[in-house]
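The chain that follows stands alone, in the form predicted alone, written as structure tokens.
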Amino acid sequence: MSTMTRRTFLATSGLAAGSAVLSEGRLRPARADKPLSLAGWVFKPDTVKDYVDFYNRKFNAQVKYEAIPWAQYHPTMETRAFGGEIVDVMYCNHNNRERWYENGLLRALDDLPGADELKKKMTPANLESLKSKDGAKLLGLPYFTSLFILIYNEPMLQQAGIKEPAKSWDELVEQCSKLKRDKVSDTPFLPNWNNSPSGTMPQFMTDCFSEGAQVFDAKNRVIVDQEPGAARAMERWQKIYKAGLVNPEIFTKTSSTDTHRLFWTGRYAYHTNHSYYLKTIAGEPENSKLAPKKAKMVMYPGTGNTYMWTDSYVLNAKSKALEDGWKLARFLGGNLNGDWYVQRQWCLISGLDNPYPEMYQAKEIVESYDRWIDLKLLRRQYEKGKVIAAYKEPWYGEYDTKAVPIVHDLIRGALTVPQGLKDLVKLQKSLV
């Protein structure tokens, strides 16, 4: 299925702007004989099915769950909405949430019972990321939050006589050059340059942040051509690629999941990716040669700042079962069961983090994280997580997709750094 652009969505959706307003009234009673629908992208669908079954048994519900491949998920949900189909509760990534809200596909949650209590329990940055562009409305409850981290292969560094992981970008490049020169690794550095929305551009923002550069201004306009730190980050990317320190195979990967699996092999010294991928790299011997705990994280170089985001569960604005839909959403993204059931499962099973700090006080959670990461270090890295507001702009999804080939050309040297950064600015302006 081809990816829909913003213009296609706006032109063909037929979702009346008033539908979101209409749904802001009282909760309409759910029809007891009508099943509730839940759709999400494919990530451990068996786990989701297990807790949906738990929910159905405990709350005498009839939730029907469907998993859709990640690459097709958001276009598929939009196409179904155009056709009049209503999915009551949906996953929605941060890049699409505002657009769905403005087009009447999802409703705000602030007027629903218990919403204010959940907002108080979230960390401020994550709460802000879940709000509408104007900051007035809560658009979803958290599925998970994550940020980029730097992961290193401890046995490989030890083999090369490197006593400590790099604390600066210059030191990382020097170490990788030594590893290649000494034939310890052909391509020691594995950045997340895949071509999905979770890859190259979040990695671009992270490395800009680590250099003290802003990517967007206060009006969410791209300003990287005015930021010396952005130029430094891209010059470094060109340098490490030209030196053969990076496996060019990563350009062909379609997801961050595929990229992190390369690190399982133990052939790389450093890897940048979503924080939760360290769970399989360092904690699952059945998958990774770097488990148990042979791969570790270190604070991100430079300023230490990295890109952080929050994906969510949202309610369909046209749902005929709003009361039951909100109940399911509070089970999935809140604490309806009284023990953070779903949030806790994701922490334990997949290392997915959440915006509720009290979760990390539970002994069970602390002991689980200790098997694959230094939890205190991870929480310190979260203190350096930066959220952006630009993804709430209607043009952002299209920009995020079309910017990837520009950055890839820049990395390969087909564009100079100044020209590549100017092209990103030009691209954003063309979509407004």
Partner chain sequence: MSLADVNLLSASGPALEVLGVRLPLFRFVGLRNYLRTFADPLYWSSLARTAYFVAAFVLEATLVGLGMALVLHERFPGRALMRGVLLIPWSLSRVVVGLLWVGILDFEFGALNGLLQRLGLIDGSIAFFKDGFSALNVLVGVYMWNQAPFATLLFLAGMQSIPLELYMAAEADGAGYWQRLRYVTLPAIKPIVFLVLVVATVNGFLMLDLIYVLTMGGPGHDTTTITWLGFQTAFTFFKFGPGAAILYTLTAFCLLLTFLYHKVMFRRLGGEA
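Computed from a predicted structure; not experimentally measured. Numbering follows the first chain given and starts at 1.
Not pictured, yet referred to below: the form predicted in complex with the partner chain.
- Stretch 91-99 is the contacting one of 232-240, 91-99, 297-305, 319-327, since its residues have non-hydrogen atoms within 4.5 Å of the partner chain in the model of the complex.
- Three-residue candidate spot 79, 267 and 401; every residue lies within 4.5 angstroms of the partner chain in the model of the complex by at least one non-hydrogen atom.
- Distance criterion of 4.5 Å from any heavy atom to the partner chain in the model of the complex singles out 248 from the list 248, 124, 357, 135.
- Contact with the partner chain in the model of the complex, defined as a heavy atom within 4.5 Å, holds for exactly one of 348, 184, 262, 291, namely 262.
- The partner chain is not shown here, and in the model of the complex it never comes within 4.5 Å of any heavy atom of residue 314.
- With a 4.5 Å cutoff on heavy atoms, residue 195 counts as touching the partner chain in the model of the complex.
- Not displayed here, the partner chain is kept clear of residue 278 by more than 4.5 Å at the level of heavy atoms in the model of the complex.
- The closest heavy atom approach of residue 71 to the partner chain in the model of the complex falls within 4.5 Å.
- Contact annotation for 101-131: residues with any non-hydrogen atom within 4.5 angstroms of the partner chain in the model of the complex are 103, 105, listed in sequence order.
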